[in-house]
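Just one chain is shown here, as C-alpha cells, and it is the form predicted on its own.
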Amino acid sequence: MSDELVSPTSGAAPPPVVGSRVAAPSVGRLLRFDGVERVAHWANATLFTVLMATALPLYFGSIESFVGRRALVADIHTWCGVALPIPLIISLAGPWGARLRRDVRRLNRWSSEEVRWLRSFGTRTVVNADKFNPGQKLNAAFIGGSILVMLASGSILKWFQPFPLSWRTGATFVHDVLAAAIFAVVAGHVLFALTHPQALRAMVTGTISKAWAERHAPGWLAEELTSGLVPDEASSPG
C-alpha cells in the first residue's frame, strides 16, 4: 500500500500524483498503519487472546472444572500457539509487507535520546519522539521474543518424548513464568491503548491526525514533511 495522506473531506478532487507518491493536501490525516499491518496486528491479538483464555483452565483447577473438556482446550491452546508466528511471517514475506518491514526496522532502532530514557528508567523525556515511543519498542521486543520462547518451550511440553527430563522441567518453568509476564504486559498494553483513543483508532482506521503526530511523534512527522507527504503549513497557501 502506498504512503499516502487521507483527506478529511469526502468527495474532494484527488490530490495530484508526484512521481510514484501521492501529494498530500494541506490538512489531513497521516497514514500510520496500512491494511497489512492492521490485519497482522489484529490476527496476532486474536491468537494471543485465545491463548490466554485457554491457558486459564489449564493452570487453574477451579476454572477447569467449570469449563470442562480439558483435552479440547489443550488442543486449541497448542495449535493457536503454533499458528502465532504465521500472520507476522506472511505479512513480512512479500512486497505487500514493505511498510511493516520498515516499521520493524524502526522498532529495532534506538536514538541516543531513547537510550537515555531507557537508562533513566523512563524518567527523562524524549523530545524528538519517533513513530514509536520507547515503551512501544520495549513492548514489541518483549512480545517478539516471547513468541519464540513460548513456541519453543510449548513444543517441548507437547512433544516431550525426544527431550530429557531436565529439558521438560526447564521448559515448564520458563513457560509458566513467561506466561505470567505476558498476562501482565498484555493487560498494560490494553489499558494504555484504552487511555489513548486516537492511537487505538489508528490501528482500526489506519490514520492519525497531524496534530497528534506533532504532540507524540514529532520525529516521525518531520520525516513525513521531508518526504513531501505532509505539506509544511507555513509554506502552504492561506
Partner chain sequence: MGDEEVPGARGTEAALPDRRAPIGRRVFLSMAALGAVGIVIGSRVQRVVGSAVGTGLGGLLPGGDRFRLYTITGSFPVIKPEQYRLRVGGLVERPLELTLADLQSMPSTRLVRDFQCVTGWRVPAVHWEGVQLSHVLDLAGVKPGAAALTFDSYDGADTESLTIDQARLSDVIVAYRMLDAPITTAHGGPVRLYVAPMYGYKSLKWLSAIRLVDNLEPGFWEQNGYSVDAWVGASNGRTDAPIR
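Residue numbers count along the first chain shown, from 1. If you're wondering where the values come from, they're calculated on a predicted model, not measured in any experiment.
In what follows, reference is made to the form predicted in complex with the partner chain, a form of this protein that is not presented.
Among heavy atoms of L100, none comes within 4.5 Å of the partner chain in the model of the complex. With a 4.5 Å cutoff on heavy atoms, K137 counts as touching the partner chain in the model of the complex. Not displayed here, the partner chain is approached by T169 to within 4.5 Å at the level of heavy atoms in the model of the complex. Using a 4.5 angstroms threshold between heavy atoms, V177 counts as touching the partner chain in the model of the complex. For the options W96, W159, W110, W79, the residue carrying a heavy atom within 4.5 angstroms of the partner chain in the model of the complex is W110.
Taking a 4.5 Å heavy atom cutoff to the partner chain in the model of the complex, the one contacting residue in 91 to 106 is R106.
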